[in-house]
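Take a look at this single chain in structure tokens; it is the form predicted alone.
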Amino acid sequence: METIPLFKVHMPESVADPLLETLFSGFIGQGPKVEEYEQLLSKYFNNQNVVTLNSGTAALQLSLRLANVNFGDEVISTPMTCTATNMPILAAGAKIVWADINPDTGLICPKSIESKITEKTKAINMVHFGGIPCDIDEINNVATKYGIKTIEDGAHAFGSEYKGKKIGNHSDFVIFSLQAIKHITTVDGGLLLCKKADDVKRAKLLRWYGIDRDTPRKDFRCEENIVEYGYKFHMNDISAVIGIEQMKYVDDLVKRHISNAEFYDRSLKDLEKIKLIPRSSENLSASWLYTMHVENRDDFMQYMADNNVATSKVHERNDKHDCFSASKCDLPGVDAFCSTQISIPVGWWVTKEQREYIVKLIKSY
């Protein structure tokens, strides 16, 4: 029996023809396919303020720039995430201030956030771990109270919903990752969704060296004045044409993740050695991960591996790394969550027979 993987790349065969057509079209940089993809994404999220980029990390770095985070400022964030969430804060020259998390869900705690705010705080970074939405309203209320910008890291949450609206419509800035193993991929890529149209306009300048590519010019870009420095963060038409094709499948992919997660919720409740993560009935997780708490986790991981099922902690707490040592503090919620959390296969590739096999194994553990 082959191992049931924790992650798998979704790349439909139907992408081949449009990809080859674009590849040999003579234009493979940021062009018409990027614009077409942004229009499709705007319809999907019901948000016109969408900017495509070359990675989710670039989207985070750009959101910090738009939030006017500078050297010596502070950004409140969570260590329970991929390091890609927090590296851009260091790149901006700011200090990370860790907030604690809910020990059951792994989500950043609004009360802990408020307790960490100082005069230097410029932004709050929340992560929808596994696809489960944070307490967005409560966090945004705290941010409004102190005049602070909010950033949602939705790398796990493509298709998640908060109070009936897709993640991507609630905060100043929301980012998504289109990296290889996310719900959908453009090989690599990222999205930035903004609340204000002015931020989108500035983001589109900054993603391409600060150059305005939209206004008409006589001689390409030669006479264009650059007002502020920018980056090479744009998406190209090759990635965009893959993204366009992926949008034909995204609803079904997310539904399969959710269906598998709901099956686990029904089948694994009330087990002695397993504790499931509670979910809000008014929100919807896209279930990029299915994370639960298991006693004797190392033994469990070996048991599952011996029976051909991949498991992983997926992300380790960031505050253990030397590069974040300046932000060290006590985080009992993180301690508790990290001691038992583990993820099992939940993705679109997991068949009904495989999920039943996984449940049977766990019940026998």
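Residues carry their position along the shown sequence, with the first being 1. Every value quoted in this text rests on a predicted model; they were computed, and no experiment measured them.
FYI, the form predicted in complex with a small molecule isn't displayed, but the following is about it.
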Checklist outcome for this item: Among 159 to 167, 137 to 145, 105 to 113, 83 to 91, the stretch whose residues bring a heavy atom within 4.5 Å of the small molecule in the predicted complex is 83 to 91
Checklist entry - Is H315 one of the residues lying within 4.5 Å of the small molecule in the predicted complex, judged by heavy atom distances? => result yes
Next on the checklist: Test of understanding: in the predicted complex, would T57 fall inside 4.5 Å of the small molecule by heavy atoms?
Outcome noted: yes
Next on the checklist: Is it the case that R207, even though its partner is missing from this view, gets within 4.5 Å of the small molecule in the predicted complex, heavy atoms only?
Outcome noted: no
Next on the checklist: Under a 4.5 Å heavy atom criterion, is T185 part of the interface with the small molecule in the predicted complex?
Outcome noted: no
Checklist entry - Pick from Q179, N236, N283, S259: which has a non-hydrogen atom within 4.5 Å of the small molecule in the predicted complex? => result Q179
Checklist outcome for this item: Note: exactly one of I76, L193, I151, A155 sits with a heavy atom within 4.5 Å of the small molecule in the predicted complex, namely A155
